[in-house]
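Two forms, one protein chain; structure tokens for each follow separately as structure 1 and structure 2.
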Structure 1
């Protein structure tokens, strides 16, 4: 039994904390503070509204609509960010040329360009995907850049001394060294991608998770609004845990670190 608890301690403790949070929230608004439905809701009403959205099929439709730009934008950010970061770290001149510009762009309030992106690329999948790409690409660029810069040059020299070419250096030295940095960047980029979905659909959309949250907020349907927010939180947790699982599978020696 002790071995079982030790093996599953993180999911058990995490689940218990979530359950206690919702129970405390429910108790607080049931017995301690009078519930004002125009200001706040409570878990029992939230789950009821979420269940109705699931039964009607609206929730699944909105998830599919929001999922398309997420996949395209996040996927493009992975490919472009890793490529640019690798070039910056491995080619010093490329790093010197791009680092000041990308740092300035990364430090700017990128969410503020959402209306401009929507105007140029429209309210469809392309506009939201580009916004998600812009928000997510920088964590991949800078984490990959940092990972390449941290590569042990001794290993590179060893591969070259044994007759290895550039391809061998990339596959046998750089990729294994950089993967932990990329995974760390992905965990951070997930949150930015979800923010990009919400912001893009807040400004101009007729469906999707962000649109539904804004619409329920305007209609003072707070229970259903919180239900959709809860769905976004669950999605974020699932993606983050998926990335952690991939990290444990790729680097089992880092599990206890």
Structure 2
């Protein structure tokens, strides 16, 4: 029993504190402070609202609508980002030429061009997908670039000296060296993609998670707004922790990249 507590100490403490947080929130607004539904909500109402949204199917359809541009934009970012990053790492001159420009763009708040993108491409899937692409492509470019550059020449020579051909070099050295960098890039990119969805839907949309959050807030339906925020948080945590878990499972030799 004692061993069990030791081993699971952190998850136990974590879950207990999350439960306490929600209970405390509920208790505070039930007995201590009178609830003003125009500025606050409490967990029981939030979960009730969320349940209704799930039953009516509204939540699922919003998730689906937000998911579409995400898939297109993120997919394009993966393909283009890996291609550009590989070119930069493979041909030094391409790297030299593109590095400063892309670094400057990466460092600048590209969300700022969101109004233009939305006006130009419209409020539908394409506008949001392009916004997501613009935000997500840089982590893939730079991480692939760093990954390709970090391939150990020694390992290439080792495989070659053991009689490996070009294909062996790619499959046994280059891909395993670069992949962890790309996955780490995906982790950064996910966060930026979610920003892209929200920005796109806050601006102008007629459905989707971001639209719904803004709309509920305008309607002072704070319980449902919190419910959707909670959904967004769960999605974000599932994505980032999922990637992190996959990283640890797939590349156990890389610790904490």
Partner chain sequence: MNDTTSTAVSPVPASAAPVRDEGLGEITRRTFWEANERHALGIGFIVFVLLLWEVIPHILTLSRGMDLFFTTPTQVAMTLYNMFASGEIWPAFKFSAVAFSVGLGLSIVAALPLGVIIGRSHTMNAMLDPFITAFNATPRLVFLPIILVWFGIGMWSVVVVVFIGAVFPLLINTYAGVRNADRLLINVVRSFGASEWQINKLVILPNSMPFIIAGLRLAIGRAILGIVVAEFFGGSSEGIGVMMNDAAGKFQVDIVFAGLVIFMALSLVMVGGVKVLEARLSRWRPENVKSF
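Numbering follows the first chain given and starts at 1. These numbers were taken from a predicted model, which means no experiment stands behind them. The term rigid core refers to the maximal set of C-alpha atoms that superpose within 1.5 Å between the two forms.
The form predicted together with its partner chain corresponds to structure 2; structure 1 is the other form.
Once the rigid core is overlaid between structures 1 and 2, residue 171 counts among the residues whose Cα shifts by 2 Å or more.
With a cut-off of 2 Å and the rigid core superposed, residue 30 has a Cα displacement that reaches or exceeds the cut-off between structures 1 and 2. Here the two forms are laid over each other by their core, and the C-alpha of residue 16 is off by 4.9 Å between structures 1 and 2.
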